[in-house]
Ligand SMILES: C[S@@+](CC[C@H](N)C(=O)[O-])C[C@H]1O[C@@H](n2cnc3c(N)ncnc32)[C@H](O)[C@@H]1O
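Have a look below at one chain only, the form predicted on its own, in structure tokens format.
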Amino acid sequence: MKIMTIFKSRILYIINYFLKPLFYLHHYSSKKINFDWEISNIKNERINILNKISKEISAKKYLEIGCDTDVVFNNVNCEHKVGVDPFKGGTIRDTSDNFFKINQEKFDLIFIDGLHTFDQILKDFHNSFKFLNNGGYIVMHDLIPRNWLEEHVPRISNNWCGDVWKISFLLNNIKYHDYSLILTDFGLGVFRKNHDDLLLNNIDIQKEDFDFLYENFTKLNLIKKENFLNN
């Protein structure tokens, strides 16, 4: 039985990440953003950054959207933590959309690592903003796909960022608030709320593809992880 389960898992892997991309070759791009996200302990960087922010603002309440195995959730230092995931991890088994419909708490620090589509991260960001205290932070994961496979929606790559990168162009140099994109761990977008008003950049980003990201990447407010952690 176990052997059959492993066999089925391998077959699905081959179909999803070797055969499925063949159906999307018309989206192919030769462009690449060169980062080595596979180096050891890089997952600790998102934890280090979240804990630096938590300590800096003396965060009392932490919210995580998309918890999975709780690698991040269990290691963020905050006295009150809420984790939302429809499948596993965290403290609430539900979608983020449903959670925000009934939530009444405000948070100091929110980490978004949910469904990797632009439509969903935009909803998660707007909802998070409503329940974020002034001076609080929203941190978003997977904002730097390195090639068209990692960026493609629907998913056709083992390492998958999707098109959540588009949120960076809506937040870059945003009025009233602070936003930067940290060059580590598939990209961490860090947003600080300084005002109750939210005016996103007026950019028609929805239909843009990986080539747009590649060509405009350096226009974003990019920060090295060392500079952020040591600031």
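We number the residues from 1 along the sequence you see. Because the structure is predicted, anything quoted here is derived from the model rather than measured.
The protein also exists as the form predicted together with this ligand; that form is not presented, and the subsequent description refers to it.
Note on contacts: among 82, 161, 139, 72, the single residue with a heavy atom within 4.5 Å of this ligand in the predicted bound form is 72. Contact between residue 133 and this ligand in the predicted bound form is not found at the 4.5 Å heavy atom cutoff. Among residues of the shown chain, residue 90 is not one whose heavy atoms approach this ligand to within 4.5 Å in the predicted bound form. Residue contact with this ligand in the predicted bound form: residue 66 places a heavy atom within 4.5 Å of it. Taking the partner from elsewhere, residue 95 is found to have a heavy atom lying within 4.5 Å of this ligand in the predicted bound form.
None of 74-82, 101-109, 144-152, 114-122 except one has non-hydrogen atoms within 4.5 angstroms of this ligand in the predicted bound form; the exception is 114-122. Contacts between 43-57 and this ligand, taken as any heavy atom within 4.5 Å in the predicted bound form, involve only 46.
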